[in-house]
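Below you will find one chain, with nothing else, as structure tokens; this is the form predicted on its own, and questions on how it binds or moves follow later.
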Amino acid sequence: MSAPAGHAAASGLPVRAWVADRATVLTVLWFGALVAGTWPLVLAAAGPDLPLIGVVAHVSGMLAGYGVLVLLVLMARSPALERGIGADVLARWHGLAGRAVVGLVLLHAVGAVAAWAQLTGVGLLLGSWQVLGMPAMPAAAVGTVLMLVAAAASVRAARRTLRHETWHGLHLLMYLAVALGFAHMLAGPDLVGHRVLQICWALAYTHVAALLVRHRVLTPLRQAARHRMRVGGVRPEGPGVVSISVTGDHLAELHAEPGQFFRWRFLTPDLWRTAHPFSLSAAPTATELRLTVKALGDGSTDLQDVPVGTWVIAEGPYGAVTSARRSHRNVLLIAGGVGITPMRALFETLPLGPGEDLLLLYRARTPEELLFREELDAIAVRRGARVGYLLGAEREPLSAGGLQRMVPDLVDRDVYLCGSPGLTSAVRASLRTAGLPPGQLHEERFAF
């Protein structure tokens, strides 16, 4: 979805390299799965008779190996994917694919043992021991155990009880699991003896590994050295909420856009281990980026008192909820609580031509919880835009009927949304009931 004519130029944004779209990426991924799953069937049809459970083991093994490749691509933080699809969507796809891969790995393991036992006439226990003695199998078995540990730590109930740092550390075991299982993939019967396929498989994994190293390690380090970011100031905005100004050199080279976020790593003894995703709460400049943080957990609470001068590594920018998603003349921004941060930046910068309307609806429980009120009022006056404050615990104003009364032309607008998971779920349902086409709703869900 592209911006209306003239909006890209009016925003002064640079011309970007290609970014992915969901339809193209999903088509490529499903085609790859079709090829990976079909190849063992071709071999089974052309080769000696193989029991059905053996065919299942081969197909599930190839699909699991391909699925691992997809998992790594989705989390490589490639700008083409992050800016074209959105980090939240990639994370949800990653979660779905992860569950599928774990299931396929278990199916492959059970099927391989059962097929070997059936072909050799030995019991399952002895068959398991014999299979473990095959080339590269001991390392693959250890990798499978590590994968299951990482998967167990990612179950929603487990994540609620684990500190983010602990969960992240356990999740990193997946990389070790992949490394341990890689030799088994190349030594498996579906690739062994097919040198071209082995080379292509190895090159695919090498390329994805290079993407991970480039975008998750080298790029942040290069940006840290180039931009030399530090905390320039910390300003209270409300109860438990502060805005942190990050200053640096050559920040315009980041090409950050309002609506995007960075993963911020503050280099203090207590904070350096975790990268926190926070949106820009003001339009970025060549010397300053601003984020706004509410104390919701240990990490964000510690950020309330981060010392001025602290060195910062900022990974990004990420996110696809920018002015480039706009497709209609009139725009509605809906924010709840601290979700005002990206909406405030968009409210300040979304191109606004003659006769176009920009309306921000900001919900908070009390007047004290409203953030940036003076800034928002000043922006509205300066730009000829509108802002409405919805106070109280009731969500009726954001029901389908309430939205239609406040915004009669709702279905003819682009809607940008950010807030707590409960609020955004309710508003999403209201917008759907009100008849807003799904393609006109733009949001980034951080609770993934």
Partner chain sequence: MSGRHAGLARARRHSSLLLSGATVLGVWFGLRAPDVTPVAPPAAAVQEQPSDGITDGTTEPPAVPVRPDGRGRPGGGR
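Note that the structure is predicted; figures quoted are calculated from it, not measured. Residue numbers count along the first chain shown, from 1.
Keep in mind that the form predicted together with its partner chain is missing from the display, and what follows is about it.
By the criterion of a heavy atom within 4.5 Å, Pro408 is excluded from the residues contacting its partner chain in the predicted bound form. Its partner chain in the predicted bound form is approached by His184, whose closest heavy atom lies within 4.5 angstroms of it. Among residues of the shown chain, Ala112 is one whose heavy atoms approach its partner chain to within 4.5 Å in the predicted bound form. Taking the partner from the other structure, its partner chain in the predicted bound form has no heavy atom within 4.5 Å of any heavy atom of Thr285. The candidate stretches are 349 to 357, 333 to 341, 264 to 272, 192 to 200, and the one lying within 4.5 Å of its partner chain in the predicted bound form by heavy atoms is 192 to 200. Contact check for Leu50, His108 and His207: all three have a heavy atom within 4.5 Å of its partner chain in the predicted bound form. With the partner removed from view, the residue among Gly319, Pro258, Gly188, Gly98 that has a non-hydrogen atom within 4.5 Å of its partner chain in the predicted bound form turns out to be Gly188. None of Met134, Val122, Leu176, Ala152 but one reaches within 4.5 angstroms of its partner chain in the predicted bound form through a heavy atom, and that residue is Met134. Contacts between 423 to 437 and its partner chain, taken as any heavy atom within 4.5 Å in the predicted bound form, involve no residue at all.
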